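Take a look at this one chain, the form predicted alone, written out in structure tokens.
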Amino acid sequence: MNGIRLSIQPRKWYLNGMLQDAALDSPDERNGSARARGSTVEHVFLHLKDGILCGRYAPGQRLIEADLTRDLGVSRGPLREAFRRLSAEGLVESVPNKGAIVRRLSARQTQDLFDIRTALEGLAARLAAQKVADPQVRAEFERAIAPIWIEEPRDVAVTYLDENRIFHQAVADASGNEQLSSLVRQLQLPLIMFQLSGALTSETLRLSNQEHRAVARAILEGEGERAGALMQAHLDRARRFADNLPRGVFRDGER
């Protein structure tokens, strides 16, 4: 350029009275900051979701921001974004003057979810019985449901709830229908069961395990109609069990 050299220096700006390089606010830096924030939100979201689904946070429990920001080492921004995502999935609700609370279902909501699950999981069991003819599907299904065959009393409700969740999701996954599997996952079985867990007895857990085994055998034997009928009977019994529980189990004593 006619022998003229241009010397481009980083722009300078002041922050809190201190001279800073504008390069620190470059697009790459901003994108990196956004990625870091997104990663933090994802970490917090997954931590809380796992805690809810595994029972570390119980239905109706208040999620206190000050405690969580301290325990997780994050600011309020990512935590609140995680709360919004959990709310969108139906796991958390925002209550005026209380903040974020793990969702607690009313009796009507519980019954509605059982009605939907009965129809969807009956279909999933019928489809799974067809798909297990594929050796890979069969092997994955057998591996996932292995805990149901363990000959031990199911005396600890919270421990059994994880086995229960895995079994029902394994049936949905074996159906080969991704949309159906996703819908079953969204129907919040763990949320329902943790709310009912205080009323579960060793006899209730034993009966539930027997029913799981019957469904599994029908699927593995390729008997779709029987598998679907057994799954629907299993969920209908669970619905009736929930319907007979005291009002205090449900949100605000609603029936």
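What you see is a predicted model, and the numbers here were worked out from it, not measured in a lab. So that there is no doubt, residue numbering starts at 1 and follows the sequence shown. Note that the rigid core is defined as the largest set of C-alphas that superpose within 1.5 Å between two forms.
What comes next is about the form predicted in complex with a further copy of the same chain, which is not displayed.
- With a 4.5 Å cutoff on heavy atoms, residue 183 counts as touching a further copy of the same chain in the predicted complex.
- Contact annotation for residue 154: none of its heavy atoms lies within 4.5 Å of a further copy of the same chain in the predicted complex.
- In the predicted complex, no heavy atom of residue 142 sits within 4.5 Å of a further copy of the same chain.
- a further copy of the same chain is not shown here, but in the predicted complex it comes within 4.5 Å of a heavy atom of residue 120.
- Three-residue candidate spot 81, 109 and 176; every residue lies within 4.5 angstroms of a further copy of the same chain in the predicted complex by at least one non-hydrogen atom.
- In summary, the region of this chain contacting a further copy of the same chain in the predicted complex, judged by heavy atoms within 4.5 Å and restricted to 67-75, 120-128, 161-169, 142-150, corresponds to 120-128.
- Fitting the two forms on the rigid core leaves the C-alpha of residue 139 displaced by under 2 angstroms between this form and the one not shown.
- With the core superposed, residue 112 shows a C-alpha displacement below 2 Å between this form and the one not shown.
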